[in-house]
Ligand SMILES: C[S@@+](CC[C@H](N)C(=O)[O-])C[C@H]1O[C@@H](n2cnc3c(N)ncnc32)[C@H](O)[C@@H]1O
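Shown next as structure tokens: one chain only, the form predicted alone.
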């Protein structure tokens, strides 16, 4: 069966499969399916392999990722079926299993076109597999041949999701000037490099991007890579958000996974700089956990895990509303977190020249009173926010 396993791994990992049909059940019983088919589907913007299990009177479905699909296909051949026909972009394969469990593979010319089912088509990303992208290669996400490394495919999709969110910001950035961008807490800078690649190499913008992080080794790694890639207008510096005072104006501020009130500091910096675009994905949020008080919500708040989630939602609600008060059109979106944590909310804000803040101010004050909170973000913003609230 080793040759069969290798074939299945190849067609799944290289994503060439169009359809597969397993038939010839070995031992029939009332509880056993008669046939299984496989096709690609897109569920919530993610590609899956849909397994259809055909019983006498009903059909059941499973939607599996690549690794689980490989395991399930091997199990079907090892345990249940005598044969399988797998249609791929390049070839058709017929797998025959003998009574002794030995597999024979017959290869034929492809009989199905990749366009036969729209759900089989690969999602069109801003960054695409097969298009050599130097920064992805250097970061170990793409091979030198343009293939996405299987273990890095989730990260590849996450980077593309980020660029999709950035692409909506383009109308707010002036292409006739050098756009200044600060990325607070850039880490290993997967997204910072992606942003530079997208804005400069794909969109043709002039930029000055600064990635800021506390870790000296991270800054050295990123600086060396930027130099290697000849990303001349991308630099990295060691430091924290509150202490960064190099500029008086910035066009776009990014803050991904800044811990606790560091997100508030980043938002305050962005507003004080007059940033046209703000992208923030908060991380751990501890400020409200011991502060919030609301007699009506005791049935929720007496449970620690629920109170923790509630505190996070309240914190991000405060931040979004404060940005509205400061004249930004604000959205709260789902963002696929790079560290695979539940902290996947992105606050995306665009400066609005004609804000209507009076209503938001009144709502914000009522909200604070209801929860009996005095948010740190007001301290971070200082007089600019105080004047709006008075």
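Numbering follows the first chain given and starts at 1. Keep in mind the model is a prediction, meaning the values are calculated, not measured.
Beyond what is shown, the protein has a form predicted together with this ligand; the following relates to that form.
*Asks:* Quick check on residue 259: any heavy atom within 4.5 Å of this ligand in the model of the complex?
*Replies:* Output for residue 259 is yes: heavy atoms within 4.5 Å of this ligand.
*Asks:* Using the partner position in the model of the complex, report whether residue 191 sits within 4.5 Å of this ligand, counting heavy atoms only.
*Replies:* Residue 191: contacts this ligand in the model of the complex.
*Asks:* Counting only non-hydrogen atoms and a 4.5 angstroms cut-off, does residue 240 reach this ligand in the model of the complex?
*Replies:* Judged by the heavy-atom cut-off of 4.5 Å, residue 240 is in contact with this ligand in the model of the complex.
*Asks:* Since only the chain is shown here, I'm wondering whether residue 134 would be in contact with this ligand in the model of the complex (any heavy atom pair within 4.5 Å).
*Replies:* Answer no; every heavy atom of residue 134 is more than 4.5 Å from this ligand in the model of the complex.
*Asks:* Just one of 76-84, 90-98, 227-235, 240-248 has residues with a heavy atom within 4.5 Å of this ligand in the model of the complex, so point it out.
*Replies:* So the stretch in question is 240-248.
*Asks:* Considering non-hydrogen atoms and a 4.5 Å limit, which listed residue (197, 287, 213, 316) is close to this ligand in the model of the complex?
*Replies:* Answer to the contact question: 213.
*Asks:* Can you pick the one in 280, 186, 181, 270 that has a heavy atom within 4.5 Å of this ligand in the model of the complex?
*Replies:* Contact with this ligand in the model of the complex is made by 186 alone.
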